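Shown here is one chain on its own, the form predicted on its own, set out as structure tokens.
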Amino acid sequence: MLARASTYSGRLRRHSLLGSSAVLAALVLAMIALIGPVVWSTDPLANNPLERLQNPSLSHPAGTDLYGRDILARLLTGARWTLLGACLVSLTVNLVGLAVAMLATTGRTVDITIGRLLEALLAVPGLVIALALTSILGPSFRNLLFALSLSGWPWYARLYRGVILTELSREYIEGARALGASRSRLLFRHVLPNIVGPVLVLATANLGFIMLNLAALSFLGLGIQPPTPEWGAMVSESRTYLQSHPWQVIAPGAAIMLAVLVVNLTGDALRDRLDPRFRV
């Protein structure tokens, strides 16, 4: 019994340490995006043909690109666009999805109508819809965010509908209903405060997926246009130099990988913290 308790305590400490490290790394990532370009004040748009395609050095820790621009400065500036864009899309799809899900639970007819609409929208992969929309609207950062938001909310709406219906079936809801609580009061006064945890967990856990989609569409040239730096676009610009000057691709690729890893670990830590079913 003591050995089992000791093993459980050790696992709990390791899990807690990993979660705390992930949250700390997420805060560091946010600080890098906010103040990184200020600390490393090199102009990310300044061309210097005499220093083009340089190896990493003290003056250029990540090297320079085809136009002699400092890759580190472009990474730090690009972090703002990539992280800000992913956060804006995540906020939009979660709010719209939650609002539609709450609307769907107000009545059977509304639920059936919204359910059929969601099924139709989910029949086509969201990334394909986003790709089509950005192709129609034209390549720009605003259009890319709009396309990702418009194509992403149906999945969240369907998931949140299930979460809300599960909460509405609980005993305390039956008690509130017996006391004469209206449907809107049940949703806003009782259900919504109790699903904040799952909503935050889902929003954080899927932020990395949104970030990958944003980088993928930017890689295809449908996001921010040159010379403004963005991680996915930087990979696209340097892909022809993968064999001769690999650091140009490795630097933005590693930034995307590390950012997604940190966000995913943070989402796991938040889930373990807010949902007792997943605690070690």
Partner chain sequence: MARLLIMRIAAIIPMLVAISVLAFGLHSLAPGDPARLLVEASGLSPAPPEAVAAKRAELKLDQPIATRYVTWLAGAAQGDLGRSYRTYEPVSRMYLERLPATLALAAAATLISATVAIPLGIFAAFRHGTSIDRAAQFIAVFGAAAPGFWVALMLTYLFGARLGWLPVFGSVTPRGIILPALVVALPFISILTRLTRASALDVLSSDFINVARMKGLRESAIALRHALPNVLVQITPLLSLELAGLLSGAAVVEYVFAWPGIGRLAVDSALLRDTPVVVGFAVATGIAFALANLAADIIIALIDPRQRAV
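Numbering follows the first chain given and starts at 1. Just so it is clear, the structure is predicted and the values come from calculations on it, not from any experiment.
Not on display, but discussed next: the form predicted in complex with its partner chain.
Only one listed stretch (170-178, 133-141, 105-113, 186-194) carries heavy atoms within 4.5 Å of its partner chain in the model of the complex, and that stretch is 133-141. Comment: its partner chain is not present in this chain, but in the model of the complex one of Val199, Leu127, Leu88, Leu72 has a heavy atom within 4.5 Å of it, namely Leu127. With the partner omitted here, the residue from Leu66, Ile32, Ala26, Leu220 that has a non-hydrogen atom within 4.5 angstroms of its partner chain in the model of the complex is Leu220. Of the heavy atoms in Gln243, some are within 4.5 Å of its partner chain in the model of the complex. Heavy atoms of Arg239 reach within 4.5 Å of its partner chain in the model of the complex, making it an interface residue. Contact check for Ile256: a heavy atom falls within 4.5 Å of its partner chain in the model of the complex. Using a 4.5 angstroms threshold between heavy atoms, Leu261 counts as touching its partner chain in the model of the complex. Every residue of the trio Ala120, Leu212 and Arg271 has some heavy atom no more than 4.5 Å from its partner chain in the model of the complex. Along 178-194, no residue reaches a heavy atom to within 4.5 Å of its partner chain in the model of the complex.
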